[in-house]
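Next up is one chain by itself, shown in structure tokens, the form predicted on its own.
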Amino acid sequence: MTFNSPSFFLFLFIVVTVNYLTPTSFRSKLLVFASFVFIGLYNFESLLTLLFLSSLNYYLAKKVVANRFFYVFTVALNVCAILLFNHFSTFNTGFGFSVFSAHFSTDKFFIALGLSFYSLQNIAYISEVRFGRMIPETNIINYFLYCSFFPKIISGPVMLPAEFFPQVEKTTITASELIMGFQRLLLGLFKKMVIADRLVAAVSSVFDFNSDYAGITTIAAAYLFTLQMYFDFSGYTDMALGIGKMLGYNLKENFDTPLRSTSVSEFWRRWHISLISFFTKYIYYPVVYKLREYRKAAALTGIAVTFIISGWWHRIGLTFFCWALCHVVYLSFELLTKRWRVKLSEKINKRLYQLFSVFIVFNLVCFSNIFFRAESFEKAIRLVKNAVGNFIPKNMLSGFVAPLAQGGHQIDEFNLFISIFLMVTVLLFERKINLVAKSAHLRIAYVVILLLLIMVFGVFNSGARFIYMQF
């Protein structure tokens, strides 16, 4: 049962209605029960894993204040949980692990739904308690809700303790919150079903087969994957935040028009904001502080350590290591050339410099995403070679349009054109659309248009899983 399934919407309608009518003192218990049902229906192993790890963290947190060993042990426990469930294969061929076999996949059986995300939250909670920034939670129901709250269990956003616990005792849920949540949920559903899922076939035709396509075709597929991932993940986030709002919770924003970024550092301040905030607070800052005497070297080391761990968090493997390494190089170059770039920007037309910067950043991100998406390291290298060789195919219809459109017929071309048209339209008016989606007033035209687009162009019978469910 995922956010884009019919059964989920029936489940959501029941939970939102009952939650709205339930007295405040019982809401946390109701939402914990609903979250357990949601996770258990996905698979029972996920629920058992969450109950075990959450209970263990809850009780160990009471010991970490006075005992450094328990702090190190508890953090190591959560790290091992991520490693064990996300990186070791226990399917088909038995128990094993290989650096070379780790790759991007949306078809894997997920034995522990959301484990990577709530394990990070456990680490944040334990760290906040250890360093005296909060006292241990005394209500295990509230802690279970912090870990399992179903709108964020699949792929975040990662919520720090201070961002979540104060909301548990909220007394009222207003009609405005229900409207805002519904409109945000609808936008996310549109992004997922109408744009992201319609781009899956175009991306898959290049990334998942061994044909040596022309450079322009390979580059177009890399562009489309980055856009697919953005609309898929930001669509999920819109849905999660919308559902959270309808239940009386303000979850953390995860995206802020990142594809308009003029630098890679700005991109990472706008993309997957909650995860980057976690890594910045608990990895980057401590590393830089330890090496503070070395200044630039400290910052460069902090960047390298943070992104290598980020790559590992996604999956241990050469493809994700190369993805992380790309961003280490990008950010290090930005840090070392900051003064030169500032001087250059003063000599060039401001608008032209911004447009050129956005173009460069987008291409750099798309290049790194070749490694993120490729099935294996060998396939990634092959795609990179294809991108720089034989750039224009002899026949544009068969060598460029047909692979991306999943065929050369007019209906295939029309479907691809519609997907790109809708995607570009949303990107151009993204900020205005976001403002409408967050409005406290019901926007009838907005709701009707999105519902019509979903009904006419949405992918209903073969929609892909949310991309970040695999991490």
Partner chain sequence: MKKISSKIVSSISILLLLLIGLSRLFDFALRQNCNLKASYVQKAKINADVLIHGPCEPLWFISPAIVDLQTGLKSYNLALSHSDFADNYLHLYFYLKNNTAPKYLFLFVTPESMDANYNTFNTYRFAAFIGDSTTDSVVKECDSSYFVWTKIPFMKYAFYSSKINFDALQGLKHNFTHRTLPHFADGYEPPLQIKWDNHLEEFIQLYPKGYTFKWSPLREKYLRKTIELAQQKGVKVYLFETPVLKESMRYLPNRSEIIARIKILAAHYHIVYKQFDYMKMADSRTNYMSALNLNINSSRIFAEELGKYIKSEQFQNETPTIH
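Fair warning: this is a prediction, and the values are worked out from it, not measured in the lab. Numbering follows the first chain given and starts at 1.
Heads up, the form predicted together with its partner chain isn't pictured, but that's what we're talking about next.
Note on the partner interface in the predicted bound form: the residue among Asn67, Gln410, Thr425, Ser55 having a heavy atom within 4.5 angstroms of its partner chain is Gln410. This chain appears without its partner; in the predicted bound form, the one residue of Ala175, Ile360, Met396, Leu344 with a heavy atom within 4.5 Å of its partner chain is Ala175.
The closest non-hydrogen atom of Phe11 lies beyond 4.5 Å of its partner chain in the predicted bound form. At least one heavy atom of Asn415 is located within 4.5 Å of its partner chain in the predicted bound form. Within 4.5 Å of some heavy atom of its partner chain in the predicted bound form lies at least one heavy atom of Ile179. In the predicted bound form, Leu442 approaches its partner chain with a heavy atom inside 4.5 Å. Shown without its partner, the chain has Pro6 as the single residue in segment 1-23 with a non-hydrogen atom within 4.5 angstroms of its partner chain in the predicted bound form.
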